[in-house]
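Listed next as C-alpha cells is one chain, alone, in the form predicted alone.
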C-alpha cells in the first residue's frame, strides 16, 4: 500500500514544483520592461465592470437577509438598536470580503482558466512564443494584477450596497432615517476594521488571478482540458481564499486585538 501511495505523492510534489516555477516566472516578468498597460486596463474592465452587477445583487441580498436574521435574536436581548452596528462590523470585517471573493472565484477564475486553456489547446500561446512575444507578460501578469486591483474595489462597492440592503430590510419593520442608520454603521467601525479587510482582499484577488492563469496556462492538450481547467481553477481559488482568510484572521488577532 505504501508503494501505491508514492505515485500520487510524487504527482502532488510535481504540481507544487510547477506552481513554484510558474510563480517565479510571474515575478520575473512582473518587473520586466514593456508592461502591457492597454491589456491591463482591458482586464480591469472585464474583471471589474462585468462582475459589478453580480457582486451588487449578491451583496444587497446578503445585507437584507442578515438584518432579517439578526433582528429576532437581538430583539429578545433588548438590543435592537445594535442592528446597524452588528451588520456593519460583521459585513465589513468578514462576510463581505469572503463572499465577494468566492463570487469572483466562480466567475473570474473560471473565465481566465477557460480562456487561457482554449488558447493553449488551439496553440495560440505557442504561436505567441514563436513570434517573439512574451505570453507570460501579456496574458498572465496583466490578469493577475487586474484581479488583485479590482477585487478590493468590488469588495468596497459590495460592502456599501450590502449596508444599503440592511437599511431597507430594517425599514420593513422599523422606521429609521438614512442618516441615522449610516451614522451608527460608520461610528461602529474603526480604521483597523477596514485595513485588514482591504489588505486581505488584495491577496484574495492575487490568488484568484494566479490560480486561474496557472490552470489555464498549463492545461493539457484536448478540448476536455478547457472545462477541467475552469473547474479546477474555481475549486482551488476558493480553497485558497479560505486559507488566506484563516491566516489573515490569526495575524490580525495577534497584531491588533491582543
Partner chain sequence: MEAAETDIKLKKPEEKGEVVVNIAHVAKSFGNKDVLKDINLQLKRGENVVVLGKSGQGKSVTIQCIVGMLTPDKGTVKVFGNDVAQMGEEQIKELRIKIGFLFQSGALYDSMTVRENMEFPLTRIKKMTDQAEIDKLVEEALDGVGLKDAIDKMPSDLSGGMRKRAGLARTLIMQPEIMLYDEPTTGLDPITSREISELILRMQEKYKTSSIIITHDMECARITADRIVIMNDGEYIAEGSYEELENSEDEFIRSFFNQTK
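Numbering follows the first chain given and starts at 1. Keep in mind that this is a model prediction, so the values were computed, not measured.
Although it is not shown, the form predicted together with its partner chain is what the next lines describe.
Participant: Among 81, 122, 187, 173, which has at least one heavy atom within 4.5 Å of its partner chain in the predicted complex?
Facilitator: Answer to the contact question: 122.
Participant: Looking at 145, 153, 128, 103 here, can you tell me which has any non-hydrogen atom within 4.5 angstroms of its partner chain in the predicted complex?
Facilitator: It is 128 that has a heavy atom within 4.5 Å of the partner.
Participant: Answer yes if any heavy atom of residue 168 is within 4.5 Å of a heavy atom of its partner chain in the predicted complex; otherwise answer no.
Facilitator: It does not: once its partner chain is placed as it appears in the predicted complex, residue 168 has no heavy atom within 4.5 Å of it.
Participant: Does the 4.5 Å heavy atom contact test between residue 133 and its partner chain in the predicted complex come out positive?
Facilitator: Yes, contact at 4.5 Å.
Participant: Answer with yes or no whether residue 164 is in contact with its partner chain in the predicted complex, where contact means some heavy atom within 4.5 Å.
Facilitator: The answer is no: residue 164 has no heavy atom within 4.5 Å of its partner chain.
Participant: Using a 4.5 angstroms cut-off on non-hydrogen atoms, would residue 182 count as touching its partner chain in the predicted complex?
Facilitator: It does not: once its partner chain is placed as it appears in the predicted complex, residue 182 has no heavy atom within 4.5 Å of it.
Participant: For the chain seen here without its partner, which of 64-72, 49-57, 24-32, 223-231 has a heavy atom within 4.5 Å of its partner chain in the predicted complex?
Facilitator: Only one stretch passes the 4.5 Å heavy-atom test: 24-32.
Participant: Note that its partner chain is not shown here; using its position in the predicted complex, name the residues of 32-50 with a heavy atom within 4.5 Å of it, in sequence order.
Facilitator: Sequence-ordered list: 32, 36, 42.
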